[in-house]
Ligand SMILES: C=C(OP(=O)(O)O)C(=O)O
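In the form predicted on its own, a lone chain appears below as structure tokens.
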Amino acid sequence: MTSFLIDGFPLGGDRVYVIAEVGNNHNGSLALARRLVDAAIEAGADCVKFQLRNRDALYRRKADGSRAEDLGVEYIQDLLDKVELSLDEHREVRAYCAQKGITYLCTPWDEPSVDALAGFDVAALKIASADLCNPYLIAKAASLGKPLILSTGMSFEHEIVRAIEQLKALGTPFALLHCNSAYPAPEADIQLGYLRRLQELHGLIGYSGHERGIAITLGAVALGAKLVERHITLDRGMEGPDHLASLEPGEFRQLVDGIRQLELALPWQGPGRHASQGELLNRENLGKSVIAARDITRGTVMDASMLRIASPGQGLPPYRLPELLGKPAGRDIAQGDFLFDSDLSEQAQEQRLAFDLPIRWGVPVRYHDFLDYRRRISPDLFEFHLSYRDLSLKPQPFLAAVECSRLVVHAPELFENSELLDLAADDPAYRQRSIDNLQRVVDATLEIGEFFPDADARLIVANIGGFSADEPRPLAMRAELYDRFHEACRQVDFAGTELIPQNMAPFPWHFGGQRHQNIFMMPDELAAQAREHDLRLCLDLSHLQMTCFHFGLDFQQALALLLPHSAHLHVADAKGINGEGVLMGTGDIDWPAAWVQIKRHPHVSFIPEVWQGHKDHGAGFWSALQFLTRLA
């Protein structure tokens, strides 16, 4: 009773059903009615609603045939004489809606109009606020066996309850719309908070608005409205009772866009509050941690004088400092080092780690922690994640020779003056700076490569750009963006290195905020680029999963398509479209199936690209590698 379908659309779910109410705003013109249908489609409405009256049945007449009424009723009847469509014209509008692929709904104002609509095969009927107190019309409309949508304007709660009881007794699925039946309605009269009470009375509720603007309607959606009805007009200045309370097409489009944004923003998965991916980025960059105020030798009992609070937020949060007091240090801690969960135990953290995996593996490192990881593991490769500051350093003081069979270098995403690497940027000067910066990465890779004499490849991973700030670029522009990227690459001397572009998720995070990705994202495009340009890819499985989730693609099929074109993998789990790098096995990836595929491609290598995996001496990396070892 609280969920039903209209033309296959499930009411009551996460997506709000938007009704464009034409009513009589066609002013009696069939041509204008068609234009309003087109405008509603362009604005993103789910259906277009009209009104049908049998004037002889609807209005009383005196014995002499006259219809003398109060001034208000007389005015309305005079208007209706000028602005109504005939029944045949309604049939033409119904056919036009079917041709255009949008649902036609209608409000019958009288019982003969219900009979007429029975021949239209309408998906549902709307009962106007004026008829909420009319059980006879409600019963007649319910007799068609269609769902009903009822507005509750002009009524009192006991009348709403009576209508609910009648419809439940009839077994008719229905939705109730909160409404204020003034045209336009003053904001102070709308009582939008009554939506919550209406939802207590009946689970499936919506809002029919006659106010100016769109803000209150958006507020209704935030309060739980699952249907929204607003009048649409081509010109609010036209004559008629509804035009002034209507939205023009551009405003209606803004309303629909706002509703779709709210649909993304409203869902909450409890219990409690969860930090989003962008927040976690900013928490790490802007937050604070417990750090060592001076050198602390292993075994020293820690007190408050040895610890202090400082940014960034990569260690224990400040409120956990008291847990460290009185604990002996389980390791030598240098001044400025972060304190971690592992420092709350007395066990040493110095053991050497080994992993038995079917393909070559490694971990991401920075210059400053490379020697520490080298001391603890013997991987097949290291992947250096460079910052733009690293490009101004000589790497030799930080490095030592290794017997790794591969070197991978991840180019910085961010360069001087807060510029992201973008080899497909619109601005040629910006694009040239990105080309110059990529050349700097090549030069740094060659220097690092001196410490990897046995490496079969010196691979450069890069997020090559092609993003936009506010909305995706048109599909037709993708070819141009790819051409810009290839032309940029022709200007770089890669020497003994190989660029392997990384696939991206639909909504990459930059500066802790979300953008839109346009290229090097869709699996079929990635494969085509690899074939046509002899490219190998860095395939990020977390990005791939988020792409597949967002676009409704099959992850395992996409993985099978792209593995033959991949040189290197970033292996991490993902949840939804923003949960990048979540704990292995807690996301959406079917790891047993994925790992079977990956093992068939021994030419690829990988690192665990776990979100904040480097924290607590690589605890996230070791957890991921152990998880994959069990799969192997």
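Residue numbers here begin at 1 and follow the sequence given. Everything quoted here is computed from the prediction, not taken from an experiment.
One more form of this protein exists, namely the form predicted in complex with the ligand; it is left out here, but the text below deals with it.
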is_contact(H410, the ligand) in the model of the complex, heavy atom dist at most 4.5 Å = no
Answer for K49 alone: is it within 4.5 Å of the ligand in the model of the complex, judged on heavy atom distances?
-> yes
Does C179 make contact with the ligand in the model of the complex, using a 4.5 Å heavy atom cut-off?
-> yes
Tell me, yes or no, whether S208 is in contact with the ligand in the model of the complex, where a contact means a heavy atom of each within 4.5 Å.
-> yes
Just one of 380 to 388, 545 to 553, 102 to 110, 453 to 461 has heavy atoms within 4.5 Å of the ligand in the model of the complex; which?
-> 102 to 110
Taking 4.5 Å between heavy atoms as the contact cutoff, choose which of L421, A128, L321, A488 touches the ligand in the model of the complex.
-> A128
Tell me, out of T445, T233, S151, S434, which residue has a non-hydrogen atom within 4.5 angstroms of the ligand in the model of the complex.
-> S151
Partner contacts for 215 to 241, taking the ligand in the model of the complex and a 4.5 Å heavy atom cut-off | E229
